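Quick heads-up: it's one chain on its own, the form predicted on its own, in C-alpha cells.
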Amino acid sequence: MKVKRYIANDAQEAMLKVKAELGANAVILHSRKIKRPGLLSFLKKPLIEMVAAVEENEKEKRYNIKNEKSEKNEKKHVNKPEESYKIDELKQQVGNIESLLNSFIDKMDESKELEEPKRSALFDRYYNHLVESNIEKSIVEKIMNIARKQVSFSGENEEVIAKAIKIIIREYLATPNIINEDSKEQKRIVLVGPTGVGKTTTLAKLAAKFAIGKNKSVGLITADTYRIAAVEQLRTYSEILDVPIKVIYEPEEIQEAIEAFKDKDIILIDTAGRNHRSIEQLEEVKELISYINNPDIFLVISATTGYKDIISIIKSYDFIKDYHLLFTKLDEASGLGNILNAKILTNKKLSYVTTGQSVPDDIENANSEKIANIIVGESHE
C-alpha cells in the first residue's frame, strides 16, 4: 500500500492531485483544513490537507493472479528463510502504515485549536453583550458565526459589525403578525399564558386599541373567575371604554357568550392564568379553546421570564398548534433576548408587546428592527 500527503487550495484540487498520482482507486484516509503560512494567514482561505492511499497497481494485481498457480507449484521449492523474510517485511510495512496514520491523527488533535479562527477582542465583546442580553448561548453562536462570515471583526469596521448583527437578529425575529382590524369576518382573540404575565391588563389595552384607535365594535369575555380582582378589573375597563362584557364560569358557556356578541367586529377572551406545570389546569384552557371556532390565540409571556421557564411554558402549551407570541413587561426586563429565544424555539410569529401599565398607551406592534436595535445596544426613537 502506498500512502501520500497532498496540500492544495481546495478539496477539488487535492482530489485531482490524488487521482493524477495514485489513480482512481486511491482511498482518502484523512482530510482537514490547515492555516496558510505567513503573518496574515488568518485573513486568507485555509488550505486543504489530504492523505490518500492506494493498493498495488492493477498490472501488478493481474500479474499476481496470472502467476498464482505457478507460485503454488513452486511453493515446495521456496526455502523457509525466504518465506519468513517476506512475512516479516509485510508486517513491517503494515506497522509503518499504522504508525503513519497514528502520527497524522495526533497532529490533527494537536492543531485542532489552530484550525479555529482566532476570536478578536471585538468579537468577544459583542458575543458577551448578546449573552448578557439574555440570548441563549447556542443562538448567540449562530448569530456571531454568521456575522463573522459577513464582516471582519476589526476596530475600523465596528459600525458595520453592529449593523450586521442587528440585521441578523431582525431576520430571525421576522415580520410580526398582528390582527387585521379591517377583516370583514369577526375576530375571536384568546389570550392564554401563565399567571402573573399581565393578560387582563393586556386584554384591556387591546380593547382600547380596537375600540378607540380603530373605531371597532368590541365585546369582552372573561373566564378568569378564579381571581375576583381580575373580573372587577376588566369590568372597570369595560365601563371606561363603553365595551360590553360577559363572565363565564364553565368552558361550554363560551358558545353562548360568543353568540351574544355576534354583531361585534372583535371579541376579546381572557382566560385564567394557569400553572404551566399543572396538566389538569391546562386541560381547562384546552377545553375552552375547543368551543371556539377559528380563534386567534396569543400566548402571553413576560419578557422578565427566565429562559428555562420559557422553555417549560412553550412545552406546556404545545397542544395549541397555531398561536402568536405576545410579550409583556418590556420596561421591566433586563434584556430582550428572550423574545428572540422564544421566536426561534417556537417558530411562531410575534404580534404585540407591552411596555408599561398605562391603558391604552403602553401597547404596540412588535417591531423587529426596534427590538434588534435595543438588543445590540442602540436606542431606537
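Residue indices: 1-based, along the sequence shown. What you see is a predicted model; the values in this text were computed from it and never measured.
Keep in mind that the form predicted together with a small molecule is not shown, yet the notes after this line are about it.
Of these, 325 to 333, 47 to 55, 311 to 319, 339 to 347, which stretch puts a heavy atom within 4.5 angstroms of the small molecule in the model of the complex? In the other structure, the partner sits against 325 to 333.
Counting heavy atoms only and using a 4.5 Å cut-off, do Pro194, Val197 and Thr201 all touch the small molecule in the model of the complex? Per the other structure, all of Pro194, Val197 and Thr201 touch the small molecule.
Please tell me which of Glu136, Asp296, Asp265, Asp224 lies within 4.5 Å of the small molecule in the model of the complex, judged by heavy atoms. The option sitting close enough to the partner is Asp224.
Out of Asn9, Asn25, Gln357, Asn367, which one falls within 4.5 Å of the small molecule in the model of the complex, going by heavy atoms? Of the listed residues, the single hit is Gln357.
Answer with yes or no whether Gly273 is in contact with the small molecule in the model of the complex, where contact means some heavy atom within 4.5 Å. Judged by the heavy-atom cut-off of 4.5 Å, Gly273 is in contact with the small molecule in the model of the complex.
4.5 angstroms heavy atom contact with the small molecule in the model of the complex for Gln233: So Gln233 counts as contacting the small molecule.
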